[in-house]
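Single chain ahead, written as structure tokens, the form predicted on its own.
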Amino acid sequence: MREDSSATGPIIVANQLTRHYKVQKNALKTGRFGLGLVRREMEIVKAIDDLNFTIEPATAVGLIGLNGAGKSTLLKLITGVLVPTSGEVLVGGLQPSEHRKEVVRNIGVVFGHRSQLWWDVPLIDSLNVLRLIYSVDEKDYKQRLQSLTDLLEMGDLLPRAPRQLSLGQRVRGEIMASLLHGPNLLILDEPTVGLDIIAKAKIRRLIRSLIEEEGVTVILASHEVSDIEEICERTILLHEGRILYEGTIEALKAQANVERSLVLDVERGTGQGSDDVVVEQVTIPLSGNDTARRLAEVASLGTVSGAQVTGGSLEVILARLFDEATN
């Protein structure tokens, strides 16, 4: 059963966490006879550079960054696959690289491009094997299996092999497999990649229910900004191995100072007949002090049949921040 980690403080703590790689850089050197010779040189790549952050239990944190920003390296450090060059990351108070077995028992991982399920055997058989791998007590396993089956709506799918499932159904199966041993922490790397809009919405709702009903802590790495916005309260923006921003999404939007506008669809009569109407779009900037007056003017023109806010989306804000950081 899952222990209450709230009494022990943050589930993840990173202190000056650093991971550098040595990579070979080939340089062409001209010899005395004009022949090109390859001279081996090494250079240091700072994949993760002096990160400090904490993640509290039963919360969702979005991990965002351009390709090569260090997201995968950070996840590997958290799971103990990689050892820090300096600094430390603690998961449940333990260093993953030194206590990997203990830490892994409290972590579930779902990668959008990789599977932990056997392709040609029924899903339930894969789950039974995973129970043995994680040494889950049979009674606890049955209770957990039933709870997750109900929560993820997997009852009719357990007898099927993953190759017989849709992509969205397979993702639910992967989440189920990752939660069977009752982990406190669920790491999701591009979980909705390739899904249609209905399947994405369903997966997002399921993840939120895991946080709210199961008390699972979620780290979500995704290029789908809408995933981050709908699932996570906080976000960590990585750029070239360093933290560009860490905090709530609402605070990020507030400090970005991006121009936002309210676009209204206004229906008004043409005067040629009772059924003749035209629809005009009226845009009202939301940064000024006369928004209320402008809204009153629009209301006097006709009936407002639609409205949407433009310009302040998280995707627009992130694009600007990363563009500024790159340039």
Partner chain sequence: MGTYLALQMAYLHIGLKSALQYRVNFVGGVLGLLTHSLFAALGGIVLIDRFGGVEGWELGQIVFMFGLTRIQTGVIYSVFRGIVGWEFYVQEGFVDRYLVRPRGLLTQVPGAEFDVSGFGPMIAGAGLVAFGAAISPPNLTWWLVPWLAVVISSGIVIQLSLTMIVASFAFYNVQMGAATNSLERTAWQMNLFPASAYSAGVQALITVALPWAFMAFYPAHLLYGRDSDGLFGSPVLYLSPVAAMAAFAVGYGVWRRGIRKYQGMGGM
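Remember, it's a predicted structure, so these values are computed and weren't measured experimentally. Numbering follows the first chain given and starts at 1.
Not on display, but discussed next: the form predicted in complex with the partner chain.
Shown here without its partner, the chain carries R100, P122 and L132, all of which come within 4.5 Å of the partner chain in the model of the complex through at least one heavy atom. Proximity to the partner chain in the model of the complex, defined as a heavy atom within 4.5 Å, singles out one entry of S222, T217, Q169, T79, which is T79.
For the options V109, I203, I236, M154, the one in contact with the partner chain in the model of the complex, meaning a heavy atom within 4.5 Å, is V109. Partner contact region in the model of the complex: 100-108, out of 193-201, 86-94, 238-246, 100-108, criterion any non-hydrogen atom within 4.5 Å of the partner chain. Contact check for S209: every heavy atom lies farther than 4.5 Å from the partner chain in the model of the complex. The partner chain is not shown here, but in the model of the complex it comes within 4.5 Å of a heavy atom of K22. Contact check for D189: a heavy atom falls within 4.5 Å of the partner chain in the model of the complex. The shortest heavy atom separation between L75 and the partner chain in the model of the complex is within 4.5 Å.
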